[in-house]
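Consider the single chain below, provided in structure tokens and representing the form predicted on its own.
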Amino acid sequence: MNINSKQLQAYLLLLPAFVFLVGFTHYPALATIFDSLMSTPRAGRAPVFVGLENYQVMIEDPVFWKSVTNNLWFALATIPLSMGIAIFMALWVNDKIAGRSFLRMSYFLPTVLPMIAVANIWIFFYTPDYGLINQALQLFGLKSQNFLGNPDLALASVTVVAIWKEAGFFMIFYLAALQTLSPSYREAAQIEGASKWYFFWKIQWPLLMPTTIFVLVNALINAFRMVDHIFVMTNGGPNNASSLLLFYLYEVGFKFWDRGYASALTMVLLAILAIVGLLQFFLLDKRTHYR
């Protein structure tokens, strides 16, 4: 194969990115596959090949299935709600209303706050008896709740925080997409007497599909990499009621130091994220109209 000077220059320009891609993405993934087939090294005992034993342990682990179930419920709640609220907020602040800049800043503010700070703010809101939400409940004569200590409420309480934080982040993408639409669409709709809902559903929504796919993939990935809020607010409890897949992986890998089992859990997480990527490229992307 003959390579001319321009092709050689292109390969050299791509070389740094290729080295980082292999070093920080492909090699760790292959190393994780290898580690998931090995036992965990202990003091004075080297790891040995155990085949699919770590995966067998995972199938029989009730905490793993509890974490997966929690994560699915967490994703089913956070993705549609955060995206729906984001679209609503973007449509609202895209119109010419009083205080538009302040509203945009207010909606986006949760995104720029550090995640640990957000979690601590909401811990205060959820505090039994004198927390902000419980004080509001008591004003209406309702019983105070231990939101983060009740197994029936812990996951839902964390889910509310995730929706509150992500809706503002996704709003920015929808707002940017709305501002790229030609004003002639709205003018034509007004001349034809179309309602706001009809204009949104028939004109704006189809044109927002590329943004929606981008937001959807990011929301799916975020739903399966949530760990910081869980770590600060509930620590996975009570009784694993709010444990998510990545949090359980962290506990196995860095609390129990079980590297082999943690690698097997990582492979499950990588498989889920790979399915999300394939879904975007081979299904959703083909159904989207790009201008």
Partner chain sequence: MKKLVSLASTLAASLCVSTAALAQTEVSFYFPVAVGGPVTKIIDGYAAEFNKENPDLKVVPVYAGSYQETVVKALTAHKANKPPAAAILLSTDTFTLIDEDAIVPFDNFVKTDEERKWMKDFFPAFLLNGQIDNKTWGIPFQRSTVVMYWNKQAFKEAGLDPNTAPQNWEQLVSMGQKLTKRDASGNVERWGIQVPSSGFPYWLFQGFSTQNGAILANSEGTQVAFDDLKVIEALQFWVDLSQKYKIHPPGVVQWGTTPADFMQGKSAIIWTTTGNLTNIRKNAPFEFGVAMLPENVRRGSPTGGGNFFIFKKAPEAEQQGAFRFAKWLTQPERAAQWSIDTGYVAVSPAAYETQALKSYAADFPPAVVARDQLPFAVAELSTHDNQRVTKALNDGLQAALTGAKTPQQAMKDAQAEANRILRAYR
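Numbering follows the first chain given and starts at 1. Quick caveat: nothing in here was measured; it's all calculated off a predicted structure.
Just so you know, the form predicted together with the partner chain exists too; it's not on screen, but the next bit is about it.
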message: Counting only non-hydrogen atoms and a 4.5 Å threshold, tell me whether Phe88, Thr159 and Leu178 all contact the partner chain in the model of the complex.
response: no
task: Indicate whether Asp95 is a 4.5 Å heavy atom neighbour of the partner chain in the model of the complex.
output: no
- request: Report yes if any heavy atom of Pro238 sits within 4.5 Å of a heavy atom of the partner chain in the model of the complex; otherwise report no.
  value: yes
- prompt: Can you check whether Glu251 is within 4.5 Å of the partner chain in the model of the complex, heavy atom basis?
  reply: yes
message: Does any part of Ala189 reach within 4.5 Å of the partner chain in the model of the complex? Heavy atoms only, please.
response: no
query: Looking at 199-207, 73-81, 213-221, 143-151, which lies within 4.5 angstroms of the partner chain in the model of the complex, counting heavy atoms?
result: 143-151
query: With the partner chain left out of view, which of Tyr27, Trp65, Phe256, Phe49 would have a heavy atom within 4.5 Å of it in the model of the complex?
result: Phe256
statement: Students should find that, of Leu113, Ile123, Leu103, Ile133, the residue having a non-hydrogen atom no more than 4.5 angstroms from the partner chain in the model of the complex is Ile123
